[in-house]
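Shown next as structure tokens: one chain only, the form predicted alone.
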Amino acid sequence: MEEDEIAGYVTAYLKKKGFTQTEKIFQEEFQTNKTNSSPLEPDIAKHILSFSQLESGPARFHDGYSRLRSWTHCSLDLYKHELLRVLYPVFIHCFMDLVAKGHVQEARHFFNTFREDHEMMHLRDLQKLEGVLSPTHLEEMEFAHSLRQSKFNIKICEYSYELLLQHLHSTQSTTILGIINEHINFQVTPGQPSSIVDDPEAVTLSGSSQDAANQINQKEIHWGLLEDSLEERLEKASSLLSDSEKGEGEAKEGETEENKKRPVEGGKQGASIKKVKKDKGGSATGKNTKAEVNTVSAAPRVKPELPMPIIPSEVEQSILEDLRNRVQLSSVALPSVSFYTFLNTHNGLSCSSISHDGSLVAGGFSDSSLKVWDMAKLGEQTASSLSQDENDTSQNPQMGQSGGGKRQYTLFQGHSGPVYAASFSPVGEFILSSSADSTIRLWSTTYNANLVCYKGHNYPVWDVQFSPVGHYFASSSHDRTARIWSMERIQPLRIMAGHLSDVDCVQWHANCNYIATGSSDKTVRLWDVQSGECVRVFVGHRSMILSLAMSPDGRYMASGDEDGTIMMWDLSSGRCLTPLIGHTSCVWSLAFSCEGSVLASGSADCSVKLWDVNTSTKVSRAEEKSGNASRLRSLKTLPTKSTPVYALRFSRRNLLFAGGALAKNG
């Protein structure tokens, strides 16, 4: 390469950057030393040439990415899945750098050429970036701005990392090398490549946002159960009862010893002996039940941060009765499932909710109506499944209560937009609904009337959930906030802001001191209801979060996303214990059994899956370090004929209720 050509590149660079004084000094020194200077080394000349080309043409981004893409796809299968992780961060930063430099047409061509490679995993991100049409958009769009300010963390083995560096240096891909240095952090691990099975932490976004998340996750949280809860009272009562039974058992044992000495007469005595054996078998299962209950009640006790409502004595007795008669579930004793199917909805059903005892089922519709079916009355009318009468246009909610009326439901009207969520109070006397009209309404199922309209959100309210004790409820909205409310106040008590996109779902912690929120920004956050502060950020999902569930002991949380992935989280550490792979479409609902041993998931793939929770939470450290931690064991898959599952609910007696609308194929 001629020295004059090299000097021209250097001069052009200095002029472009505005270093006029340096440019003059360089030209003077170049003219002075031109006669007696030694020839430049070939490697240095090549680097100067490649750097000048990097600065000049937008085609370098297209060519550099195309070469990297071809090389990764032609790599050995053993390393390919790790090297492919590099493509997406390089792709989006090539696109954004082109836009930032003003090469908008070239950026659009680059984006459209290679977007198909990433649509399966990152469709929502691509849809957002598609709207970036000028350099100002990069600054104005929060998502694009956060991407440019952050770095991707990519797990890769040592050999894959060396292969990548060798390729970049051999092809002199200075453009791509610059992007990787600036926007990717490699977490290089010794040994063989990780498993081809997707690792939720293989590619994560870091930077200022991740640093803040790590700092947030250092905060202490109290995940235990409330002091003096009904479960604790039942446990104390059962322990006292078991002590008295033990004394009676010892007395009976003395009696049976005496009976053994007596002669056996006829078959009656044999029958009584069989009965005793049967009772002993029953008591054995009872002991197992108490042991399982104790594992839940072994959770630490915490004080409530919110004033707790007083539970009426008759309600308390009813709940205690349900708890006493609870069926113990395990990996070998799965729940009975009662499925409610909505018919003739004509794609109008937006959401579904089931009361705690399964006696009431609600449906929110796109025509702004909320409809509630009473299962007892539906049985009286000999209706075998849920349906809605499209021809009945009467707006009198009392029609649903009259035996002679055609309508089989109670109609609640008041919203002016589609109803996106509904939630029954723990006892079932109230129901909340949230709507596209940005309001939340409280309805009485006793008087069939609207009691309160809560206004506070500025955009559609995607979800609303009563707290486990009633009285308080939480909502989440398109305005990127979640809010805590109490029934007697029309203004929110707390506003939780921090998500970068829609807050799609919300769930209360078992002790009512925290709420969890799932967002379209692919994160789940845990908030302290007293302070309104975010105390945990859970990162790992690759699409928007649609459902959340808290374990009964308050230690674990499950979250389901649009891709069909479910993740089990430890609230204390903020880490993902294990991903649950099995669903092929959106996970719309999650529910833990009452003792926490079984997790149920409902999906748009028209199935309910039951998962063994105990195996997932007992992963050894060796397995965790090696990356071979076993997936949560799927106990059973319950397919429906053609009904996506909208809602799941375990009753206090551990019967699983599910609901969805029959979808017509084709």
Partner chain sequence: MSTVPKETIEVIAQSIGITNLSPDVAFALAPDLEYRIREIMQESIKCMRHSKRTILTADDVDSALALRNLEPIYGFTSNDPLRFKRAAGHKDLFYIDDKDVEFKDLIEAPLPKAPLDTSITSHWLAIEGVQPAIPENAPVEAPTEIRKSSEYKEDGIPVDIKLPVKHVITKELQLYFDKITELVLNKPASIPFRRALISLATDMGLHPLVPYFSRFVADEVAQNLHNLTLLFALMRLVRSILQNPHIHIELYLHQLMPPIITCVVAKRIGNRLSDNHWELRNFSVNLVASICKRFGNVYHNLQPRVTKTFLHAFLDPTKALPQHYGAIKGIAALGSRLVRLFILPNLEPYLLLLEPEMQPEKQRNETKRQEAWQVYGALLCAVGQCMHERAKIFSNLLSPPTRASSRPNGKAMIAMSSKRKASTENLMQQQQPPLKKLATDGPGGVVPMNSMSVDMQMQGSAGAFSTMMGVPNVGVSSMARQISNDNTMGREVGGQQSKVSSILAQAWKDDIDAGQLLSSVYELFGESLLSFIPKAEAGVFL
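Computed from a predicted structure; not experimentally measured. Numbering follows the first chain given and starts at 1. Rigid core (definition): largest C-alpha set, two forms, superposition within 1.5 Å.
Another form exists, predicted in complex with the partner chain; not displayed. Remarks below refer to it.
Peer 1: Would you mind picking the one in 344, 218, 181, 446 that has a heavy atom within 4.5 Å of the partner chain in the predicted bound form?
Peer 2: Only one option qualifies, and that one is 344.
Peer 1: If the cut-off is 4.5 angstroms on heavy atoms, which of these, 323, 168, 157, 141, is the one near the partner chain in the predicted bound form?
Peer 2: That would be 141.
Peer 1: Can you confirm whether 131, 544 and 636, the three residues that make up this candidate site, all sit within 4.5 Å of the partner chain in the predicted bound form, judged by heavy atoms?
Peer 2: Each of the three qualifies.
Peer 1: Would you mind picking out the stretch of 551-559, 301-309, 183-191, 495-503 that comes within 4.5 angstroms of the partner chain in the predicted bound form, counting non-hydrogen atoms?
Peer 2: Heavy atoms within 4.5 Å of the partner chain in the predicted bound form occur in 495-503.
Peer 1: Just checking whether residue 371 would be counted as a contact of the partner chain in the predicted bound form - the rule being heavy atoms within 4.5 angstroms.
Peer 2: Yes.
Peer 1: I'd like to check something about residue 328: if you look in the predicted bound form, is any of its heavy atoms closer than or equal to 4.5 Å to a heavy atom of the partner chain?
Peer 2: Residue 328: no, not in contact with the partner chain in the predicted bound form.
Peer 1: Is residue 576 one of the residues lying within 4.5 Å of the partner chain in the predicted bound form, judged by heavy atom distances?
Peer 2: No.
Peer 1: How about residue 153 - does it come within 4.5 Å of the partner chain in the predicted bound form, if we only consider non-hydrogen atoms?
Peer 2: It does not: once the partner chain is placed as it appears in the predicted bound form, residue 153 has no heavy atom within 4.5 Å of it.
Peer 1: Output the sequence-ordered list of residues from 321-350 with at least one heavy atom within 4.5 Å of the partner chain in the predicted bound form.
Peer 2: The stretch 321-350, when checked against the partner chain in the predicted bound form, contributes 334, 335, 336, 337, 338, 339, 340, 341, 342, 343, 344, 345, 346, 347, 349, 350 at the 4.5 Å heavy-atom cut-off.
Peer 1: If we fit on the core, is the Cα of residue 333 displaced 2 Å or more between this form and the one not shown?
Peer 2: No; residue 333 is a residue whose C-alpha shifts by less than 2 Å between this form and the one not shown when the cores are overlaid.
Peer 1: Has the Cα of residue 416 moved 2 Å or more between this form and the one not shown, judged after a core fit?
Peer 2: Residue 416 C-alpha, core-superposed: shift of less than 2 Å.
Peer 1: If you line up the core, does residue 478 shift 2 angstroms or more at its C-alpha between this form and the one not shown?
Peer 2: After core superposition, the displacement of the residue 478 C-alpha between this form and the one not shown stays below 2 Å, so no.
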